[in-house]
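Structure 1 and structure 2 below are two forms of the same protein chain, each written out on its own as structure tokens.
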Structure 1
């Protein structure tokens, strides 16, 4: 279809409202946050201070431990991927009741993080359910202050994140498995492949794209979508043992009212996320080619 002038006007009219809102919520702030990061931000005016915000940022132990904790949280990525693939295969092979299991396993994913966070706080607090249970079983030596000690807090939060996000991975990979041609598995069985060989030679190549997609999404989640868990369960503490970069931005901007430095931290987080966004776009492109 050739584009007529009338069509161009129509295209613009249809796109404009959405683009204005997207422009306001995404583009305007991203440009602004970069500008702010080189300035001291006061309610009325900006003062250009070059790289000072970044210099302070990278000598701030709290920010650095935030970044470190984001990186430690990446430990959850291989765990989520492995468990998702494993349970998706179990679900796929044991066809009976998969609808029930899918319903139940997906349930944590639709619950609100604040709800999940509060419930788990009561399970993991010092006089909470888990320790109550351990004491009753006579396993007192296993008791710990799961959220209140800097040794355990981050790992406890990580457990909760895995608990919540796993359902998404399982359902995603299960959905992909359902569309793998059955005869591929039958052929492998006729060739005498055992369970492990079958999955290495059929499942792995067939699910490669969706697994890499899930990997990138989970990495992005661990680096930049964990604010809610931290806000509800630990507020970054004890000390800064569960500080993450998002919570650092929130705290710097809205507790200490240092908008310039919060902006510098935002830019750092944006750049980190952006790398993975590009990788993800590539994977999507590859999937569309196939």
Structure 2
């Protein structure tokens, strides 16, 4: 018992410095944000106002529009998952030039988001490169103001996010496929499975854990990691058609200097993201039990 207690004490002492740093960097800001959300924040003091910030928040059409747009962006999650699995399978089967394609598919992920945003802003503007080529190809009926129209702006931003984030999912699943025993695929082929059946019955089960992890990461990205795209490409416009919760928090805190309401919006966004992650984790747990 003494040896075990000594080992526990040593482990705690070794971990304590790192835990203190993590607590200061992550948990302390969360506690402060929650505290601010119940107060009117002034430069010199805090005035407790209870749930007033939250009441104002849920009567603000701009904030509600931002939440709605974050939920719409979740449409990108199954798209990214499907394309990641599909392209990872093609790379795994070593199609001609697969090393070059692996580089090309992963390249967008390592590019800086501001760079990607600026480039695509020029491509998708009314007089941009995309409309230029559509006009030259005689496809004028497909031309649109991709970022200046409230109908298309959010979907255009979603396309850019998918293009940028897809490489991470491909490499993640491809790395998992490289460790799958080839005997499983050979056995499936002997049993008469065609290409689709082989990957449905072998690839999908073998990559389930990685896909589940990728799903959680992508959900977090779509709910709370799209600020840079919006800031560079649309500034939340036209109107509030591309407003997202992150950009609303930024505007409320640093443009309108309302830290209390911005903190309340941060807490709401955190809770929504946490709920989605918990749901996905529960689904994953049930699948593993089955």
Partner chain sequence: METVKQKDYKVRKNYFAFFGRQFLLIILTLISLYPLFFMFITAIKSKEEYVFNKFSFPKSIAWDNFIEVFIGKNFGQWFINSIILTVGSVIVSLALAVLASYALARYQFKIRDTILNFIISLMVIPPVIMVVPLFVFMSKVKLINSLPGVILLYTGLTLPFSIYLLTTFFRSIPQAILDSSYIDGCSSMRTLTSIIMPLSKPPIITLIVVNALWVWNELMIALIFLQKDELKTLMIGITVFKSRYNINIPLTMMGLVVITIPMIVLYLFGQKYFVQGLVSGSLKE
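Each form is matched to the other, and the largest set of C-alpha atoms that superpose within 1.5 Å is called the rigid core. Note that this is a predicted model, so its numbers are computed, not measured. Numbering follows the first chain given and starts at 1.
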{"property": "Which of the two shown is the form predicted on its own", "result": "2"}
{"property": "Large Cα shift (2 Å or above) at residue 279 between the two structures, core-fitted", "result": "yes"}
{"property": "For residue 17, CA displacement between the two structures after the core is overlaid, in Å", "result": "5.6"}
